[in-house]
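To begin, one chain is listed below as structure tokens, in the form predicted on its own.
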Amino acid sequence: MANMAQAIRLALHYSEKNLQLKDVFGQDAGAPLGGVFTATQGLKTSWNTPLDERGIISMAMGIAMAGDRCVAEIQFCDYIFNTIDLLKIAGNTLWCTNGQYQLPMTVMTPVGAGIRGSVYHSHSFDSWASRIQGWKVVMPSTPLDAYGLLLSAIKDPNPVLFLKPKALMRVRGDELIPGEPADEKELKARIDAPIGDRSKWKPEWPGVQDYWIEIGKGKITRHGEQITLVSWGRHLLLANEIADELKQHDGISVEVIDLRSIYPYDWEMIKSSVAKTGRLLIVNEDTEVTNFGEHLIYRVVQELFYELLARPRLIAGKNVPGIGLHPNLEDATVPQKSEIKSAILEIIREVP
């Protein structure tokens, strides 16, 4: 099974061949490194840029305005903040030109903690991204979803932010990408560059096929009756683990929704689930103040107030300036398994 970095690489290769993807670029995105997480290794259209985030976004906008599809990478989302005004302009362009200029550009960037990256490599960006109008924003939690969402992002005629969780880049999935070799060692031998001299290396791409995940569609990963748990990115895997444990040891039935798309988001899936369970917990690692989960809770309260059996809750990152390097500091800042499990039990025991 491919890991997420390999799945992204396969999606980019497929897009080069089938979706008229003309450019994949960013700091270290081209040879010899192929991206800090190796997600752009071996691609025909990948090339290196200077360390200039504003230049990278501006270049993507120019290429897209000329009508070509491109994927630009900001090496870590921690360094995307100085491009907010450009992202805003890119999102406004179709509207401001009365539909004359589409921007078929995808910006992908690693997000979140989990790699012990300290203050300069542990930021989240999903809540910030949700406030940049004109952009679609997706975040996968599995390699197969990364493949399907990235294909949809590249095919989309307008800007899409593809947020890839740093902590999941080396995590393998449990579903094969269509056309992927079943033997993970074979896949590695074919598409992972060797350590050392890569000057003569070329990948042997498998015949991967199309696989589309519609942007704006979530996925129920665990069916349940007592509480709805909505998450995305790396905490979705944690949510699945907790749901399985609570069902096995405590007989508690948790419905887990992988949002997959931050915007547009699958409101009908959330609405249907909360109407059934009467309880809601949202979990993500972006900071708790002005968190995107707060918007979801607001909408649930506005539209489903009389269906609720308990007050909705949000568990998110602590509202501190950064994440410390020591593991204890990081673990105290982003949501942990015990914290999520305790919140579920409290919500279920709350008397309406």
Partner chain sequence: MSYSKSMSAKSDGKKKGLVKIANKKQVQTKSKDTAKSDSLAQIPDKTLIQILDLMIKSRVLEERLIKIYRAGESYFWIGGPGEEAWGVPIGMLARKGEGPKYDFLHLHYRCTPTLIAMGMDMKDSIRLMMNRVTDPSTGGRNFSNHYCFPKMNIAPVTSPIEVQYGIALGTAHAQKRLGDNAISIVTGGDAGTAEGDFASCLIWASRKGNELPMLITVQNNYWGISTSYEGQHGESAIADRARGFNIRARVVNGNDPVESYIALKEEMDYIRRTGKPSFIESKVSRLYGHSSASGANFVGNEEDCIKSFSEKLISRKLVTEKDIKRMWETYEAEALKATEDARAEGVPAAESIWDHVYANNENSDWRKF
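All values derive from a computational prediction rather than experimental measurement. Numbering follows the first chain given and starts at 1.
If you look for the form predicted in complex with the partner chain, you will not find it shown, but the lines that follow are about it.
When contacts are judged by a 4.5 Å heavy atom cut-off, Leu94 counts as touching the partner chain in the predicted bound form.
Although the partner is absent here, Asn158 lies within 4.5 Å of the partner chain in the predicted bound form, judged by heavy atoms. Although the partner is absent from this view, Phe162 stays clear of the partner chain in the predicted bound form, with no non-hydrogen atom inside 4.5 angstroms. Tyr120 falls outside the set of residues with a heavy atom inside 4.5 Å of the partner chain in the predicted bound form.
Taken together, Trp47, Ile89 and Tyr265 are fully in contact with the partner chain in the predicted bound form: each brings a heavy atom within 4.5 Å. Distance criterion of 4.5 Å from any heavy atom to the partner chain in the predicted bound form singles out Ile63 from the list Ile63, Ile297, Leu33, Ala310. Proximity to the partner chain in the predicted bound form, defined as a heavy atom within 4.5 Å, holds among Trp212, Tyr101, Trp201, Phe81 only for Tyr101.
Residues of just one listed stretch (275 to 283, 135 to 143, 224 to 232, 179 to 187) have heavy atoms within 4.5 Å of the partner chain in the predicted bound form: 135 to 143.
Taking a 4.5 Å heavy atom cutoff to the partner chain in the predicted bound form, the contacting residues in 50 to 81 are Pro50, Asp52, Arg54, Gly55, Ile56, Ser58, Met59, Met61, Gly62, Ile63, Met65, Ala66, Asp68.
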